[in-house]
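Below, in structure tokens: the form predicted on its own, a single chain.
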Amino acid sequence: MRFAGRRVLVAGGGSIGPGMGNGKAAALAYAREGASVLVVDRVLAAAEETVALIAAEGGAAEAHAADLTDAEAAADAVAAAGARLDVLHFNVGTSVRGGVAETAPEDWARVMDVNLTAAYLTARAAIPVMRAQGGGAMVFISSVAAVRAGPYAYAAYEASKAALGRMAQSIAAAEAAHGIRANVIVPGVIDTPHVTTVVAPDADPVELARARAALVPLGRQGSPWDVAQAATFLASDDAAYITGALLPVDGGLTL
């Protein structure tokens, strides 16, 4: 029960489709270790679904709808967490296929807004709360796309995730004196609804899963629980001396 008595905000705590996404698994993982969780998602029903799963296990959680690309909405979400915020877990993201030449300016801007600006606005709102209480932890979910090319062009997504990592490290350096830690998880090939709903909606699911698993040295896709367990470690006191880290959770994909 590493988070007993602690307040956690999971941004992107719903799921874009049926099944278990990274944000939903993280919210459940924090709650299972005693946290009171504020599940924030752009779609209220998605946040409420996660809250219902937590409640069914006897955990404490509330749902909050917010488009975190809006500064006022991001501030309201942090305020909804209450007077204390021990952990900010940021799992919001979107993607558009294409290289720089193929990516329309409006698509580029949207990916940057969702993946990077929303993280900046939410962290910016959370920092004064964490400073006032004497510390806190932030965990940002990036991607191996930040550090290596994939099987297809993904320029906006790659750039936004790389910038997210550097922003988190900037927070870590600037806020260390205030007891605030910021770390980044760099997931690899993870089996989530985002893959079948957004990345490859027209692919045969069985063949897609086989092809993705074949890319990984450990021979399987990762689970959202793999990401969630890494997150709860980095956010916990077990990682009290870790800040500014980029932790691969990728089955060896970046070796």
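Numbering starts at 1 and runs along the sequence shown. Since this is a predicted model, take the numbers as computed values, not measurements.
Unshown form predicted together with a small molecule; subsequent notes refer to it.
Chemist: Is Thr232 close enough to the small molecule in the model of the complex to count, meaning some heavy atom within 4.5 Å?
Modeler: Outside the cut-off, so no.
Chemist: Mark Arg181 yes when one of its heavy atoms lies within 4.5 Å of a heavy atom of the small molecule in the model of the complex, and no otherwise.
Modeler: No, no contact at 4.5 Å.
Chemist: Does the small molecule come within 4.5 Å of any heavy atom of Leu68 in the model of the complex?
Modeler: Taking the distances in the model of the complex, the answer for Leu68 is yes, it comes within 4.5 Å of the small molecule.
Chemist: If you check in the model of the complex, is Ile54 within 4.5 Å of the small molecule, heavy atoms only?
Modeler: The answer is no: Ile54 has no heavy atom within 4.5 Å of the small molecule.
Chemist: Where does the small molecule sit in the model of the complex: which of 100-108, 171-179, 156-164, 123-131, heavy atoms within 4.5 Å?
Modeler: Answer to the contact question: 156-164.
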